[in-house]
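Single chain ahead, by itself, as structure tokens, in the form predicted on its own.
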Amino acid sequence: MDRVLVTGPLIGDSVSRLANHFRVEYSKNEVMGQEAFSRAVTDAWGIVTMTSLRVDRNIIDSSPQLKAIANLGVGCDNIDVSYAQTRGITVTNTPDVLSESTAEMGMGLLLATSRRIVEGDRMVRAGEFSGWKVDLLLGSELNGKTLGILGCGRIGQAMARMAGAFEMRVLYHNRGRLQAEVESRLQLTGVDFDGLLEESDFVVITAPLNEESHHLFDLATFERMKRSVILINIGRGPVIKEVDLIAALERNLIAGVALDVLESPPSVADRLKECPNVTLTPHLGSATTEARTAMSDLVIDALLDVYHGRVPNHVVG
């Protein structure tokens, strides 16, 4: 029987569906480290990859039997997709099923940062709350403000819909314009990148990582934004150059930031952790039982589809 490597825990019992077709090595309790993965993948027919694991040319070349890579997540910047395709390897991801949960996380971070909820929690826990004051931890309302979305795909559009409930004006910037029907339904206005920076009171990054977006938010970018802006990143960490973000925060170029993704996870700069107007979460965008169960089902579906000669639903590239 061919061998399948599942590199980290999945939610539910979807892995059991592989048993009749494959020998399964399942890292059920924790995500494999890169070194262990490199050793374990060499004779695999298929792999379920976590986004923390790199599948580069060396990995692919060392795995001559590899036919399918099912990535647990939407972004596939951890995989050399184009090279995998030249080797006849099918690469899949798990879109759609995590859009709502990730958009909800984005709205949660937006509210937490704008209303300084995390700062308030720290204050109470530290015993520093001495009573109500009229100017205590003043934040910013969402109602009537302008939300700018960088990368208005499925997740960005879900956030736009939610922002409508707060009566926010919503701008977006994409490589290409959305269909007029989508813009009308969600009351979206497309702008160029400069317009997004200059007009937005809140900016949410949902864009994928590529050559164009890498370190797109650097010090020069922060200098072009409103001093009152709050930045949220639920896309990919390296879209923000973190050393420049720290400088922008220390110079009060922006009012606050919330990061669910980091430039070099799990490493976090001490200066970033020490900034009071920073909210940090450990990549929880799709961390709901509903989303992670659906994602787990999709990666197993993809492996079985390839095994049976079917085209999976979510082929990348």
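Quick note: we count residues from 1 along the sequence shown, nothing fancier. Computed from a predicted structure; not experimentally measured.
Only in words, not in the display: the form predicted together with a small molecule, which the text now covers.
Asker: Could you tell me if G151 has a non-hydrogen atom within 4.5 Å of the small molecule in the model of the complex?
Answerer: It does not: once the small molecule is placed as it appears in the model of the complex, G151 has no heavy atom within 4.5 Å of it.
Asker: Is G139 one of the residues lying within 4.5 Å of the small molecule in the model of the complex, judged by heavy atom distances?
Answerer: No, G139 stays farther than 4.5 Å from the small molecule in the model of the complex.
Asker: Answer yes if any heavy atom of S63 is within 4.5 Å of a heavy atom of the small molecule in the model of the complex; otherwise answer no.
Answerer: Result no; S63 lies far from the small molecule in the model of the complex.
Asker: Would V74 count as a contact of the small molecule in the model of the complex, using a 4.5 angstroms cut-off between non-hydrogen atoms?
Answerer: Residue-level check for V74: yes, a contact with the small molecule.
Asker: I need the one stretch from 40 to 48, 250 to 258, 285 to 293, 267 to 275 whose residues put non-hydrogen atoms within 4.5 angstroms of the small molecule in the model of the complex.
Answerer: Looking at the partner contacts, the answer comes out as 285 to 293.
Asker: Counting non-hydrogen atoms within 4.5 angstroms of the small molecule in the model of the complex, say which of L98, L188, M105, I79 makes the cut.
Answerer: It is L98.
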